Structures are given as structure tokens and as C-alpha cells.
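What follows is a pair of forms of the same protein chain, given separately as C-alpha cells and numbered structure 1 and structure 2.
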Structure 1
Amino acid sequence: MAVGQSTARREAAKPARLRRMLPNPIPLVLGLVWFVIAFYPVYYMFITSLRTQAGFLSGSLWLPPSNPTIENYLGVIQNGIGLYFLNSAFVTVISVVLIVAVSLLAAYAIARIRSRVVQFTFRVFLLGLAIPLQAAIIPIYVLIVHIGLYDTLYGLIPPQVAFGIPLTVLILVNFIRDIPNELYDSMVLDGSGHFRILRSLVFPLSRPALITVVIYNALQVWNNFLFPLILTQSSNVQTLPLALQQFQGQYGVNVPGLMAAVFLSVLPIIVLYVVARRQLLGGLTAGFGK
């Protein structure tokens, strides 16, 4: 009798286990729809860059060309996109290094020092999140002109750093506060000072957050269009987003050539996101659950 009841319970539990094993179709369908919407512009940009100007409108918009060509990429490279790439890389690397260095020191002080002055300084940093970039562009232009950095690559760095610090400090403060106080206390008992604590404890444990802010700020600086537009004038100091406008004029009717320039400009960002997307999402959500 007991064996019969056990067998009946197992038979009744089979449909429930089977339902748990089968995937839910709704999230799967929504995920596929989101993937098509998000990925198709990049796919369209790539297959269009492989078409000839004469055959741009022929064929399907979803299929690659029957006779792909790299002439558009060769034309873009011959017209100096390498210089604009180096300009963007120069501004991006220096800006991100300064943002992360200043923000890490500020975040450590805010997280570890209990003082009204420090907390007031933290609120001042957060106030920067409420200031839109467009509202400050005229004072920034006047300041850059007065200090003699107008129309130089160095003139693009200070505003990028200033607007990158507030969110970076906020992310790092929340992450550093999550480090257990016992670890700080043990290092203090060992005679460690602030610099050693920062180097041997905070820096290694904050690596996910540091990777996150590096990627986030690199994206912001690399794609910034407004600062190069307002603060530069010569073509030899233009960055990639602004130079694409020049390519648009040069290839006004050559859409495949313009797509080749755009695809080369976003390729480093796509590679960076694919390589470090886990650290980016993990670092952005760390510390906000408390």
C-alpha cells in the first residue's frame, strides 16, 4: 500500500518537474526581440560598408552583399581616420587615468573619514550629477580660452575629467564602504597608514568597481561630441565623433563609405564592451543593495 502511494506521488510530481525543466517562452521571445533591435543597426552598418556605392540600394537589407568589397575601408583610412583615432585615444587615456586617480583618493577619504567637512565635500561632488553638460558649455569655453588651451587636445581633458568625477566618486564610495571594517582595523593594528591601506587593501578589493568606472568613463570620453565641437577648430585636433561629420560631408552621397567610417569608430567600444561586460554590470550594481 505504501509502495503504491509513493509511486503515485512520483507520477504526480513528474509534470511539475517537467514544467520546471521547460524554458519559459515569454522571456526567450522578448530577449530575441531585444537582441534583433539592438544588434541590427550594427549589422546593417557593417553589411552596408561592404557594398559599392552603385549597388547600395540593391539587394536585401537583411543579407550581406553578393560581392563584398573593402574599398570603402581603404578610402576612409587613406583620408586620415588614423589621426582622429589617435586623437581620441590620447584624450580618452589621459582623461580616464585622471578621473580614476582623483576619484579613488576622494572616495577613500569620504568612506573612511567621519567629518562634516568631508561629508559636505561628498555632497558637492554629488551636485555635479545634477548639472547638465550643455548648461555649462559656455563657461567652459570661456575658461579654456582664457587658460590658452583652446583648439588643443589638452583643452578637451579638463572638462571631461570634471564631468566624469561625480559618478565615479559615487560608485567607488559605495564599493569602499562595503569593505569590512575588521580588515581596516587589522591593518591599523599592524601600523599601516592611509597610503598602505589604500594600496594593499582598498585597491585590490575595489578592482571590479575600478574596472567598471574605467569602462564607463572611456565610453563617455570616446563618444563625446560636444566638447570637441566647441573647444576645437583645426582639423588636426579633431576626435573621431567630430571627424565623422567631416566624413559625412566628404561622402555626402557615399553612404557605404560613411558606414565604414562609423563602423571603424565604434569597433573599439564594441570590443571593450564584449570583453568586460560582466565587470561593468557587476561593478555598477555593487554596493547599492545595502
Structure 2
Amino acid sequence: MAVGQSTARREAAKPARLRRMLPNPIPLVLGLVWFVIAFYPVYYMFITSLRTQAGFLSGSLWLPPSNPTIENYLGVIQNGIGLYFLNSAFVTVISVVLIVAVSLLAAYAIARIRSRVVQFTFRVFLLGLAIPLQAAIIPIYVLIVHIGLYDTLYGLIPPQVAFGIPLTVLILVNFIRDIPNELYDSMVLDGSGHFRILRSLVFPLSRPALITVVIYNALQVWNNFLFPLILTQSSNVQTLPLALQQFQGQYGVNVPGLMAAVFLSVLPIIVLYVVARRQLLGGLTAGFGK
């Protein structure tokens, strides 16, 4: 629509411009249909959590109850969900710190040293991307029982770390390799050793990648179900997902109570999502976004 076109042509261009302003109806309608499918269960969980137990059976499909109650939340809190939060937070924080620390050290070595042993190590880590957790869980169980960490929060950490390492190393290696060689060279000329270079060059420069791997691993550990299911037994060392699953048995027909527990368990993640959506979604597809 360049300046100087004839009036007739400008008239002809009008519908095109209108079309650009108004959404195309077919994608819009399909997009809204998927909106309902994707979001309705989350919404329904929330409005159900505000209902009384009797109100669940007669409740509206679309509207929150006219007199919402928080008694379900109080019940869940009295049931000790706070402890499970703390357990999950404990395992998540320690695991993520360990994963990122050991992976950063290894990634630096892999990215900087072309020795055969180092590159072979990298291949072995890459192989680890293909190992499904389920396939190794039986020997992990035997091992954790053997070293006396069964039914403790500490027993959950080493396997979480081991399975977090491959992808974390891969992402960090790719990032560290992109740091210009001149920067390393100038530090080497200044007489800096590997640990010095790591601390004052690599660590600050790889912040975006570090944020990505922290988010990715935190979600993986926080949401993990299989390790706690198999490696713990007592209720006082349950993490959140396992506790939720046990609530299902305890609460039986008390669906509003159960939904209150589910909502509390996803609340921290929703808050994080509101604050840092881009980083969260970026972290989830890191390593696959080709």
C-alpha cells in the first residue's frame, strides 16, 4: 500500500486491511475450543475446591459456588500438607544445587578440553539421555536399601541428581562452547587456572543457561513421583506428589477436599508461571528446540 497508488486500488486494499484487524474466524473458533479443553479442568478443579462436600454433587458446571468455603483448605492444612511442602522443597533445593554444580564443572571440562577421555565421558552422558528412569528403578531401589537411605529424604536426592545430569551437561556444554575463545585466551595469559576461569568468566557469562537448567530441573524434581513412590514408605518423608496420591485414598469421596490439596500443590508453580512464564517455557524445551 505504497503512497501514490490510485484511489481504486486503495479501495480494493480495504478488505485486506480489515481482515488483518479482525481475527480469521476459523482459527479463532478452533483456538477457543482448545482454550476450553485446556483450561476448563484447571478451572473446574478450582471451583470444586471452594464447594462444600454436599455441594459438589449439585454444583454448577461453569460457576463458582455462591457462598464459597475455605474449609477444604483448612482441612488439607490440618492434614499436614505443610510438611509435604517442606519435604518437596528440601529435596528440590538440594538436588537442583547439586545437579547444576556438578554439571557446570563437567560441562566446563568437556567444552574446554579436547582429550579423548573427556570427550568419551561426554558421549557416555549423552547416552544417559536415552535411559528411561523406569528401566533403572529396580537396581536403584536395591542400592538405596543397601546403603541405608531407604525411606529417608536423602535417599531421593542421588538418583534425582544422576538423572538430571545428562541434559543439564548437554545444555551447558553447548552454551559454554559459544563463549568466544579470545576471552579464555586473555585469562590464560593472565595466568588464571581452570577454577579461576570458571568462577570469573564462565559462571557470570552462562547465567541465562544456568537459569534454564535450574528451572528445568526444579520442575522435574518437584513433580517427580516414581522415586518417592519406590524409595519411601513413611508418611513423614513423603513429598508432595506422593502425599497427594495418598490423599486420594484417604479422602475417598471428598472430592472438594482432594481438589483443594491439588490446587495448593500447583499454586507455587502457577505463581512462578505468572512471574516468569518465558523462562519456564524456555526451560522446558531446552535441548529439544531445534
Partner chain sequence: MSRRLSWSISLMLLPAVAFFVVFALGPMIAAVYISLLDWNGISTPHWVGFGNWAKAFTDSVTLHSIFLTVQVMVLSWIVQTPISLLLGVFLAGRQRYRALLGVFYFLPLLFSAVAIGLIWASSMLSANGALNSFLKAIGASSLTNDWLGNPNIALYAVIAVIAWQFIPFHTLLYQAGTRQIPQVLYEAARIDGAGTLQQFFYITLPQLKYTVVTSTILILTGSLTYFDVIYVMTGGGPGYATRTLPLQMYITAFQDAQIGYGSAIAVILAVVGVLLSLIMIRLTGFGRMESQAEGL
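Bear in mind the structure is a predicted one, so any value in this text is a computation, not a measurement. Residue positions are counted from 1 along structure 1's sequence. Throughout, rigid core stands for the largest set of C-alpha atoms superposing within 1.5 Å between the two forms.
Between the two isolated copies of the chain, the form predicted alone corresponds to structure 1. Relative to the superposed rigid core, the position of the CA of S58 differs between structure 1 and structure 2 by 2 Å or more.
When two forms of a protein are overlaid on their rigid core, residues whose CA moves 2 Å or more are considered shifted, and F39 is one of them between structure 1 and structure 2. Superposed on the core, the two forms barely differ at L226: its CA moves less than 2 Å between structure 1 and structure 2.
Taking the core as reference, the C-alpha deviation of L272 between structure 1 and structure 2 is 2.6 Å.
Here the rigid core is superposed, and L30 then shows its C-alpha moved by 6.4 angstrom between structure 1 and structure 2.
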